[in-house]
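Before any questions on how it binds or moves, here is one chain, the form predicted alone, in structure tokens.
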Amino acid sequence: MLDLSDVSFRYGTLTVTDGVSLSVGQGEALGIIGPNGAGKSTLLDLMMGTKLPAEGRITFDGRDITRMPAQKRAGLGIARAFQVPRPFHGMTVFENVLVGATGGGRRNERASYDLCFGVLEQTGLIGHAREPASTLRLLDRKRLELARALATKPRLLLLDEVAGGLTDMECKSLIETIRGVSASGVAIVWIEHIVHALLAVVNRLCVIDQGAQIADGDPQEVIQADKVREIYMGTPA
């Protein structure tokens, strides 16, 4: 569904993404790991269209989207949830999700109500629908960030370190929610430092280091690879 071919991105002379080629199939859950500064978030920026590559090609369903801006990619069915949730504090939880459906998803407001209630149910927020978003605890703010993205009815969901800052129990709860999203047929690309969270969801794992693709394949095989262990330990495995 999504295909990156020899994609590179630079800040001046600094290469942040270096000739990365990877694909994501319909309904697939791909995890991406790597040290701080490896270029993981930049890779999601390139998928979403908030950054445009210096070289390479990106296609979605066979359509070239290499130079397409983010808002148009959202219309094709690509959405993103961020590490730091930023809800509209002056709105209720339901109204926040409605913004996702009408703004990102470009749907009629009243025709979106059932969709929004379904997304709130899916993300465990239905009981908070009428509450101000400003009153939510961190886990529920992260669920709301996820719900706003899902309200656009994405076919591909990009998750940017969404488990960061959660306790073990909260992380486990969020994992169950993301599993449910994956089971519904939405393809997922998830970058995360909490590796056990990724391994509980993804069926493929990619490792990025210094902007380059180091490994890609079965999660358990990738995580045990000598080169991957050396990157994380800093010494020969």
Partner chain sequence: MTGYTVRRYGQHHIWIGVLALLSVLVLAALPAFAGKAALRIATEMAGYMALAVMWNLLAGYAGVMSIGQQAFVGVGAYALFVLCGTMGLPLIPAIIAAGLLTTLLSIPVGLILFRLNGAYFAIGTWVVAEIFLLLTAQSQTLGAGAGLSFPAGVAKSFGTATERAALFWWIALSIVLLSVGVAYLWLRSSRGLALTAMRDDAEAAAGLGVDTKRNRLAVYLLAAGVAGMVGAVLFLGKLRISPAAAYDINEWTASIIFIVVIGGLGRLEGAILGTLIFFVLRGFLADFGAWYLMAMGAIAIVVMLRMPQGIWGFLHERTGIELFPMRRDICPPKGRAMS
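From a predicted model like this one, the values you see are computed outputs, not experimental measurements. Residue numbers count along the first chain shown, from 1.
Heads up, the form predicted in complex with the partner chain isn't pictured, but that's what we're talking about next.
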Is there a heavy atom of residue 48 no more than 4.5 Å from a heavy atom of the partner chain in the predicted complex? yes
In the predicted complex, residue 167 touching the partner chain (heavy atom, 4.5 Å): no
With the partner left out here, check for me: in the predicted complex, does some heavy atom of residue 128 sit within 4.5 Å of the partner chain? yes
Can residue 157 be called a contact residue for the partner chain in the predicted complex at 4.5 Å between heavy atoms? no
For the three residues 89, 94 and 121, which mark the spot I'm curious about, does each lie within 4.5 Å of the partner chain in the predicted complex through at least one heavy atom? yes
With a 4.5 Å heavy atom cut-off to the partner chain in the predicted complex, the contacting stretch among 203 to 211, 32 to 40, 63 to 71, 174 to 182 is 63 to 71
With the partner chain taken in the predicted complex, which residues across 134 to 170 come within 4.5 angstroms through any non-hydrogen atom? 148, 149, 152
